[in-house]
Every structure is written in structure tokens, then in C-alpha cells.
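Okay, here we've got a single chain as C-alpha cells, the form predicted alone, with questions on binding and movement later.
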Amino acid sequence: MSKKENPNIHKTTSPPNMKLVKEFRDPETKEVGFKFIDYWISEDKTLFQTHLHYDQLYTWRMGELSPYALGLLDGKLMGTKCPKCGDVFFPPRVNCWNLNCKLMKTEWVELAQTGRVHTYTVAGWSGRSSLKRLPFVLAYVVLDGVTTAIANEIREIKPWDAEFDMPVKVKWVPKEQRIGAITDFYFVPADRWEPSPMNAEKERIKKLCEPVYEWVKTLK
């Protein structure tokens, strides 16, 4: 189809007017490693973008997924729901992934901040930003009412006490430290949850964790 047949074929939307809201670059930030340095929000408060270093500077504009990042800043978990099949996605998806829905546009919904562990692993190694927290539990959690799973840490737990299907809840970092990224929250055991008694498998994991704890003590 030619431009004459469709005058809008080469038309592009104007770039949003973004405003720097918060900058947290520190003097140690270099063009190496992984670190967020700021975030921006459009004047109409519908679009979110951030800059991060990952060996070089990247601009990460969330576009139609901006409600997810904006929700994190306010302590809300925003997911998307397919109006046709009812599947709920978190992390959010702009279009439904159910093949029968033929990429149906999803709708934004606020999610519960509780869920259950689908699967997990105990990390004995990580990227530079997480080394001092080793060993830690990284889990895929299905929030209540959600179809998909989200990966994040489970904290305030001994690594060997993590369990499949254990109930968890969301815990937020302080509001002034949030940056509109998944690091704004993590999971902790749900209220009144108690780990099962020690057994051979837990003892095995505990033994594997002990040298990691000792190594972390040597980090500056």
C-alpha cells in the first residue's frame, strides 16, 4: 500500500514529554556493571522510563506496560487480565498469550499481595549487586488469582526452610528507595507459616550453604 492510498502509513506519534522525577546516580557509577540511575514519568503520568547501566547506558521506556512500574512506586502490584478468557498475567502482558484469544488486548487490574511458591532454588552465586545477600532463595511465585508466575527473592527465611507451595506475602522496600523495578519488593513467609522439621534434605542444603556464608563474610 502506498502513502497516497494510506496517508498515515509513515505517520509517527510525537514523543512524550518526559520529566525527570528522581536521580540516584552515585559517584561510583561507571560504565560497567548493572545499576539503575534514575527514572522519568510523563507529564500526564501515564508513561514511565528509567536509565540503567549494564556495561553501557540504556534507556528503558515501559510504554504500554508503564502502569506496572508506576504501581510499584505506589506499593501496588498491577497485572493484566484478558477480557475473553480471564487469564491474569504478572508480569503483565499487553496482549493475551492464549492462542485462542488471538492477541486480545488485556486490561489492567490490581493484584493481591499474597501467593504461593511454585518452584524455587537456593542461590549460591549471583551478580555483583547481590553477592552480599548470598545464599538466598529465588522463587517463582503465583500470586492469588493470577495465571502466571513471577520470579523474586524470598527473604526473612533460612534458605533450607523454603518449601514448594509455601504461602508468601509481598514486602516492600521503603517508598523513598523504590525505582519502579522488580527490586521494589520481595517475598517473605506468610503470617503464621511455620517451616517443616529438619530432615535429611534440609541438612544437605544447610551444609552447602555454610561455606557460602563464610565466603560472604570476607567481602568488603
Partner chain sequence: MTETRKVCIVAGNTSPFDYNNYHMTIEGMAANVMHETMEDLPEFLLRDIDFVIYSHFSVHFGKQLAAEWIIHDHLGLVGIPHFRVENGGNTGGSALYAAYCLVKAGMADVCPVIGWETMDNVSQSQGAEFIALAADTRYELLVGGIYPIFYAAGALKWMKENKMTEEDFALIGMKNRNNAMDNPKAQWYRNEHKYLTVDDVMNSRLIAYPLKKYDCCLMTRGLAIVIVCSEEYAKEVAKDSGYVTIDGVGLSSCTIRAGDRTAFPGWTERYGAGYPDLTEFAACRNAAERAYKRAGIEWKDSHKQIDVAEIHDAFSSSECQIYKALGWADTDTIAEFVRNRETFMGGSIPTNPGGGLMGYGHPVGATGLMSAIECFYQLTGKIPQKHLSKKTEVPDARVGLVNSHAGTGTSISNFILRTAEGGR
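Model, not experiment: these values are computed from the prediction. Whichever C-alpha set is largest while still superposing within 1.5 Å between the two forms counts as the rigid core. Residue numbers count along the first chain shown, from 1.
The protein also exists as the form predicted together with its partner chain; that form is not presented, and the subsequent description refers to it.
Just to confirm, residue 39 within 4.5 Å of its partner chain in the predicted bound form by heavy atoms?
Residue 39 lies outside the contact set for its partner chain.
How about residue 164: is it within 4.5 Å of its partner chain in the predicted bound form, going by heavy atoms?
Yes.
With a cut-off of 4.5 Å between heavy atoms, is residue 131 one of the residues that contacts its partner chain in the predicted bound form?
Residue 131: contacts its partner chain in the predicted bound form.
Given that the partner is absent here, does residue 47 sit within 4.5 Å of its partner chain in the predicted bound form, heavy atoms only?
Residue 47: yes, in contact with its partner chain in the predicted bound form.
Thinking of 60, 149 and 201 as the candidate spot, does its partner chain come within 4.5 Å of a heavy atom on all of them in the predicted bound form?
Yes, because 60, 149 and 201 each have a heavy atom that approaches its partner chain to within 4.5 Å in the predicted bound form.
Which one, 109, 104, 73, 123, lies within 4.5 Å of its partner chain in the predicted bound form by heavy atoms?
Of the candidates 109, 104, 73, 123, 123 is the one lying within 4.5 Å of its partner chain in the predicted bound form.
Heavy atoms within 4.5 Å of its partner chain in the predicted bound form is the criterion; list the residues of 170-209 that meet it.
181, 182, 183, 201, 204, 205, 208, 209, in sequence order.
If the two forms are fitted on the core, does residue 48 show a Cα displacement reaching 2 angstroms between this form and the one not shown?
True for residue 48: a C-alpha shift of 2 Å or more.
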